[in-house]
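Just the one chain here, laid out as structure tokens, in the form predicted alone.
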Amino acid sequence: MTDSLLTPAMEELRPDLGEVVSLLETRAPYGAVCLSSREMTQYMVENNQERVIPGEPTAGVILRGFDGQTMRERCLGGFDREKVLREAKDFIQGVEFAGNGKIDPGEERVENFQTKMERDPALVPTREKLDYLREMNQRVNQFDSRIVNARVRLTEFREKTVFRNRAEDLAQDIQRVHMSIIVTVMGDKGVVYDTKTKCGTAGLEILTFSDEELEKLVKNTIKLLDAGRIEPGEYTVVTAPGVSGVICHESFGHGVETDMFLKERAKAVNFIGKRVGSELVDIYDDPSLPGEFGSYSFDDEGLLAKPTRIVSKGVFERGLTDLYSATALGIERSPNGRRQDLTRKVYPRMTNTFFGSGETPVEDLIGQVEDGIYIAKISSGMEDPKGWGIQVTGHYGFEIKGGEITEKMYSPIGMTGYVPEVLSSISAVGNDFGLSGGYCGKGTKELVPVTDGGPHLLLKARLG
């Protein structure tokens, strides 16, 4: 792991940020400044091509002034001290603050945080990374002659952040890695694919795949060649942790990001303090989970990471906030103020969102189903916060007969429903737990890394 928490330019500017905050607060009731450096690189090996795709890096300063009613920001590139001081003076003189709200800057603290890792991607040569992807591609292709492509992709994200207000001086260096293997096979009925992914806030050491994992991936892909289509209707359903997570993400993720409350675009606002699911349902969002893809030490507004309980025993307790929405709604902040990069505004965003585990062994949970469907893997999900409907697509699933999962496969499997009805139908929650990471957009933009998951769930739903 590298010893340097920040870039040299960020380290040099950091001691002067207190002066910048003081300048901002000559007119603004609350001032803050953030230094941000973000980089992304993708490496991809397929059967017939290889690519290294560098992302567009961002590096600069965000100045903020807030009066409890209006949030003002200015973004500038680079970390030049004189430029930052000059821009701060110009910025604060050029705006009016009508409100006089008292914004809590938090406790006085100076803290540094850095991702723990055994193999820092910054210290591993590109050649070595590509060699590993080539080896993975060859290992996958050896399992079956019907494989027409094995795409192996590694994505690295590095985020270095400093947050400063009158009380806090925080810095974090976050390394995220994401690796996916997409296997495509061809048979008499056409072309199908399946995927295997590993990711986390960590180094390259977490991106290892056993032969058993790769062989299972290939076998599942081949089974999809003969998968049938499910007859539309109401079913007893068991969802695997990855599928449970997307239900959670779509139902009590986007729908409870509280900027949607202020815009009157979320039906969930009418259910605060009310029952929205069975007593078995607990839902959390927690950016403090060690090593998960959506984790961090503090959000983009300087609030230290901690868990937020969204639903407790089926009752909707609260939503996810940023500083602006929490102030406007008069509720306690949660550490969910996130921005894609310094050129974008902060929104309340999910981090690691999941159903809490229950007490039912998975074998017993499946054993309760005489005739139903086991949705084993997720493909996609959509939500309608205003109508509170969800649509979840399972990549594939299996028939359950007499309390056992059979070999009869269906693909794809669509699930639709009204959120309170779906969650109220949950009759058993597994004692297991699993999380999987990916990317989440706010609408069709503002991508941030997230994780979702939970245990196996037993519920009723409409499938098609």
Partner chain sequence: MISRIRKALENQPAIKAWIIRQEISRSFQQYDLKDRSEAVREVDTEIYTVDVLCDSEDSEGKISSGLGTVSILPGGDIESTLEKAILTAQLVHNEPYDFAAPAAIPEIELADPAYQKDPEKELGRVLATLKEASKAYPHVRLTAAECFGQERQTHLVSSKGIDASQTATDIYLQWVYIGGEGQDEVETFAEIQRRRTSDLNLEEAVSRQAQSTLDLVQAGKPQSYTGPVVIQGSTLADMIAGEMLSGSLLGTLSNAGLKYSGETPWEVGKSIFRQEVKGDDFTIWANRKLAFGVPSSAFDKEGIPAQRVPLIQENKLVSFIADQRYAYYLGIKPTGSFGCMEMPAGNTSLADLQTGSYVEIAEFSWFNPNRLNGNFACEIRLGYLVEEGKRKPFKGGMLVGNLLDALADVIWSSEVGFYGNYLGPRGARFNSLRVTE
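Note that this is a predicted model, so its numbers are computed, not measured. Positions refer to the first chain, counted from 1.
From this point on, the text means the form predicted in complex with its partner chain, which you will not see here.
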**Report entry** in the predicted bound form, the residue from 406, 431, 26, 49 that sits within 4.5 Å of its partner chain by heavy atoms
**Finding:** 49
**Report entry** Single option in 85, 262, 167, 123 placed near its partner chain in the predicted bound form, where near means a heavy atom within 4.5 Å
**Finding:** 262
Query raised in the report: in the predicted bound form, does residue 113 have a heavy atom within 4.5 Å of its partner chain?
Result: no
Report task. Would you please decide whether residue 155 lies within 4.5 angstroms of its partner chain in the predicted bound form, comparing each non-hydrogen atom pair? Result -> no
Query - residue 8 within 4.5 Å of its partner chain in the predicted bound form, heavy atoms - result: no
Query raised in the report: Does residue 460 make contact with its partner chain in the predicted bound form, using a 4.5 Å heavy atom cut-off?
Result: no
Query raised in the report: Can you say which of 158-166, 343-351, 293-301, 360-368 gets within 4.5 Å of its partner chain in the predicted bound form, counting heavy atoms only?
Result: 343-351
Query raised in the report: Counting only heavy atoms and a 4.5 Å cut-off, does its partner chain in the predicted bound form sit next to every one of 186, 382 and 464?
Result: yes
Query raised in the report: Taking its partner chain in the predicted bound form, which residues along 71-97 bring a heavy atom to within 4.5 Å of it?
Result: 71, 72, 73, 74, 75, 76, 77
